[in-house]
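Quick setup: the structure tokens below cover two forms of a single protein chain, split into structure 1 and structure 2.
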Structure 1
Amino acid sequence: MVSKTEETQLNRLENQVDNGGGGAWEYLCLVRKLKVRRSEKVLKHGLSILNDPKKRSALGPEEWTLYEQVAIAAMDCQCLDVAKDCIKVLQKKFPESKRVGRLEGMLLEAKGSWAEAEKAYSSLLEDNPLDQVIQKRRVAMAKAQGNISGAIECLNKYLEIFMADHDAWRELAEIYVSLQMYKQAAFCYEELILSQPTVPLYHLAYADVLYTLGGLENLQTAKKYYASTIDLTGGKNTRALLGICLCTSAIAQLSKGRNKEDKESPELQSLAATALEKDYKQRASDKLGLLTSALRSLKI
């Protein structure tokens, strides 16, 4: 995840390069370091270096890294001839390279030659079954073809080997949510929270899934995770504050007629409602009336 400072630095460099102030190579290096996709800019500024023999030779061994970066950006932009030319240069320099083999498979994907791409990836995996990049490309390829069940199968197999890959768990969770398979999504978020307990996004997503599943136990647990999201964000997560209020209302409905011991203290939801109203006053005062009306309908 890119920090605000890194994003500011990247945008500043991008504006500098776009306005002819130099620094194209530094910009391309930062894009690679932050692992962000600025494909059109990478293609434009990368080609400006590769097409200038003097600038290209000044890169030394980094020249080949730039060819790879431009090839991927060109595929993103559907400039397949440019990608093909870059890959040819790399093939000539590194004729037996598995890394270049991956690029060849990606080019086949970009062309929509799914069967050929699958064949190329399978061949590469025979030599190295633990190649994470190719495993992920197969997931992306299944999704691109609309084969969601195939993507789920590939991701589950991948996670059996690479259990610490947070991005893969999150991807799987989001696919399950899109298919309304909330129990499976909840399991994925539990794994993410266990491995990264201080990331508020996972607490919030887990709470949302539990709230959607419903039932008294799930709602009570969802409320706890909305509360932990608020704690981790210093009380600044509007969605989690609203989640507290929604859970409280739903729990109250399900707890009617139960013993007083089963009912929860109104303090937390009162604090959440007050914080929500304060937030709306500062950022969306014209919507404050709607919020107040909604909270009143929840009997908070």
Structure 2
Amino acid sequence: MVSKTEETQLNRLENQVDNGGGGAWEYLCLVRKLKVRRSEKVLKHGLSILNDPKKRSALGPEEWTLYEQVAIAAMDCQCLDVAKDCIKVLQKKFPESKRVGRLEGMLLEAKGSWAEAEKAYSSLLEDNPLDQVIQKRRVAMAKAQGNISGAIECLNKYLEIFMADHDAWRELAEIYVSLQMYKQAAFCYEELILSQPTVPLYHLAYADVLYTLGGLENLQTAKKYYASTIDLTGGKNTRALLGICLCTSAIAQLSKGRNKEDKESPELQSLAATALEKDYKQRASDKLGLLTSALRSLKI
């Protein structure tokens, strides 16, 4: 997960390198640190370093990390020859290495040789059954072959052991959402919020899922989580502000004709609306009219 400042920094560096301003190694390190997927750029700029003997030797022992990074990026871009070459170099330097063995497995995956990849991973797991990366490769393989229920099963088994793996919970939640299994997705986000209560992304995703599930109770809870998202993001999250407006509107629709025991205070919605209008006026004034009529259509 990447914050806005981190993303801006990354994009700035990327632009710089793209336009010949240098800083390729810095960029590649940042991509590794933030764990983002920018395979085409990594391949391009990584190769430019690896193919230049002077630049390569300047890296010292980090050279091997770069080979690994470029190999994975190459596989992501289906440049399997490049990947094979990088892996060969690493095999020569680190024979019998489990880490290189993982790359070999990934190359089999990239080729679509699923059975062989599974064999390779199984044997690696025999020696080290708690290798998280390989366990997750199995989930990825199931997903890549379109076996979504298999991927879910695998991922659930994985999470029974490695329940602190937040990325895995997020992946599972997103798979559930794509299958419209919202209750199960909600459970995943609940786990994430419990373990990392100050990460606004989880509050926002949870609210979105609850709103999608619908029903008065879910909508009221969704509204609370949009509110906590706003709290955690200093009021700057457009999605959460819009979420408040959507919830208020939907709750009002459902409460029509009911006893207004918990009368919703309209302050939260008008505060959200005001914040949105102010932001649009400042940064997207051509869309302000659309926002205003959208908000108007949401008020009962």
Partner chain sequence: MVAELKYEISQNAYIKLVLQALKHKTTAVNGVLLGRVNPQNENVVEIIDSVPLFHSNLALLPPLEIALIMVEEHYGSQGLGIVGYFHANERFDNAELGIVAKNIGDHICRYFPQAALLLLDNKKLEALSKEKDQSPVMQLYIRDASKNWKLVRPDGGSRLVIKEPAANVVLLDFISSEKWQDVADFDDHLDDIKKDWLNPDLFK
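Since this is a predicted model, take the numbers as computed values, not measurements. Residue numbering: sequential along structure 1, first residue numbered 1.
In this comparison, the chain shown as structure 1 is the form predicted on its own.
For the two-part rigid motion between structures 1 and 2, A168 is not grouped with E126, each C-alpha going to the part with the better superposition fit. Rigid-part rotation between structures 1 and 2: 13° for the smaller part relative to the larger (C-alpha based, whole degrees).
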